[in-house]
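Below sits a lone chain in structure tokens, taken as the form predicted on its own.
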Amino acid sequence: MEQGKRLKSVLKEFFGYDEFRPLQEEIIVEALAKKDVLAVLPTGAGKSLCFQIPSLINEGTTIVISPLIALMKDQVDVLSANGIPATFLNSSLSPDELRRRRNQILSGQIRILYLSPERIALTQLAEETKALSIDLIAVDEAHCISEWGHDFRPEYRHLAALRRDLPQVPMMALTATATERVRADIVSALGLDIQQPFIGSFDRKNLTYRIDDKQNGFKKILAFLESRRDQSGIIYCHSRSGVERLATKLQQHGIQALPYHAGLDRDVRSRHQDRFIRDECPVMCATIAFGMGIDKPNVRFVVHQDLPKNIESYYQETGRAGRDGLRSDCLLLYSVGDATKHRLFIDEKASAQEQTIAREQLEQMIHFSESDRCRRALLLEYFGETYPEASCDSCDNCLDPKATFDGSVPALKVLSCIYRVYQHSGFAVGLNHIVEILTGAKTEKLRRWGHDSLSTYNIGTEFGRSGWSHLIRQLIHHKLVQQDPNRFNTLHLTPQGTTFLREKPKLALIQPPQRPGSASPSLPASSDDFDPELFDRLRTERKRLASERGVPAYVIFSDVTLRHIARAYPTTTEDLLEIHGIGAAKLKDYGELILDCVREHQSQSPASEPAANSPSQRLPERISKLGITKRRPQAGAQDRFVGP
């Protein structure tokens, strides 16, 4: 069979999809040609399929390096539900279960084996992997190997041993967030032999981005959640205590919310995570310890109560919303105080290099939060991509442009003040000190240094302290002022600032907030033409099936699949095979139950009709059963896996 047709047949047979997403097929072809691959694809773009499809065509085992136990279990559950033999080895298994799984692996029954990076360092495991016929090694969350990545993990450096011990086995490195610098680090650390990385668009078109002032933050979060009572979402907090306080306050206001952080007992964390994944509790308040291992596709919103430390973290955490492609909202509550806290943490970092990296990344995050430009365009620029449109129509800056004013005079006051301080004292000062001079503060430090006698003292009565801070940060973004992170964040005029001071041109600045803002309205949910009553009935049936099998609801069917069913009203198994996300295994396991559900609904709602172009309105082609290539026999191997 011609390769392209065969790949699509495997895609349909085991995953129920008709077409590949962008770059998936190209990456798979490269892997099947035994070439190294670096794939940078956004969350929700289907990275896992890039190594899962080759595992169904190759004859040997695919090893997947994954950083979190929860992620391994979720992916193995999904693969098993699709009729694909997969397993994982990690510290959560008992000795007996570990032995049983090793026997399965060595006897050739497993197609995909998930391992943590820590286990690669174990001598016994290294010997076992040498005894296997390994066709591909996939390194998930590959940015963890780079010190310039937002989630550097030293144990990922052990993975270089795989290339040394298995030099002929191709490697596939996958990540959702990697700048050009991080990509170069990944290639070097893993010893990848590639001509060009596969880089997908970082544009998550189904996500809306909003940033609001953090004043009255709890009221804004509460209003945000009240309008999303039936939706599932994550609220990220910087500290464990912040997580606990927020979860408790939300519960007191009638919102079902659970806390998740590393300080909780392991069983409690596991129980809370399971309740969230199984749609038993809609809101998870969490530190960043939660989320990387979560494949839950129907997260409809992500809220950041506190400022993330860098753009990569923000992008990855917001990326946990809308993995199913349906519209989802992202809200960040911003305050200068959060930025100050991050700077204090950075000052405590061990090495000068770590501090330099962290400061640079934080300043980029602050600029993103304070900018009046399109949020989507800024995100894409950070990852080296250009957004072609003038407006994305799905971020706060495009939908509700910030008010601007002629800020030339205030800018001149700030620049003059910075200049006068250095002229008078011979040293620079920080942002707060400049604000105190402009607003005429009566502090001992100003008197001691004679700054209360400067010509710029108390010339800034038109704005308060927060207003001047807001304006000075804008001047930093306009590159008129530079903040030196290596000298206590002191302020200095740039060459452009000196020119501005001399030539006095016009400058538009964002109007400082005059009073605490109210909650920004979120974008309305997108309308769809599916039957909501049938959708709810299907969700109830899905929840029952998931509970019986002890798996998350999305392992049975995604929300996207249920919406397709509730739009098409399938009446035959042929109709079901035309539904997005239903392959042979799920048709066999759940087909009749779904059809019964649809029939029962139609008998109670006789006016129900399929949408135009739905499967039951077309003559579907029956999908033939596709077998999996039989494996080469190995010495001592028993019970070979031939196919599902």
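Residue numbers run from 1 along the displayed sequence. Keep in mind it's a predicted model, so treat the numbers as computed, not measured.
Beyond what is shown, the protein has a form predicted in complex with a small molecule; the following relates to that form.
Student: Just to confirm the contact call: exactly one of 44-52, 31-39, 590-598, 57-65 touches the small molecule in the model of the complex at a 4.5 Å heavy atom cutoff, so which is it?
Tutor: Going by heavy atoms within 4.5 Å, the stretch is 44-52.
Student: Could you spot which one of 512, 200, 85, 297 gets a heavy atom to within 4.5 Å of the small molecule in the model of the complex?
Tutor: Residue within 4.5 Å of the partner: 297.
Student: Go through 210, 323, 119, 342 and name the one with a heavy atom inside 4.5 Å of the small molecule in the model of the complex.
Tutor: None of the others qualify; the residue that does is 323.
Student: Is residue 20 near the small molecule? Define near as a heavy atom within 4.5 Å, in the model of the complex.
Tutor: Yes, residue 20 sits close enough to the small molecule in the model of the complex that at least one of its heavy atoms falls within 4.5 Å.
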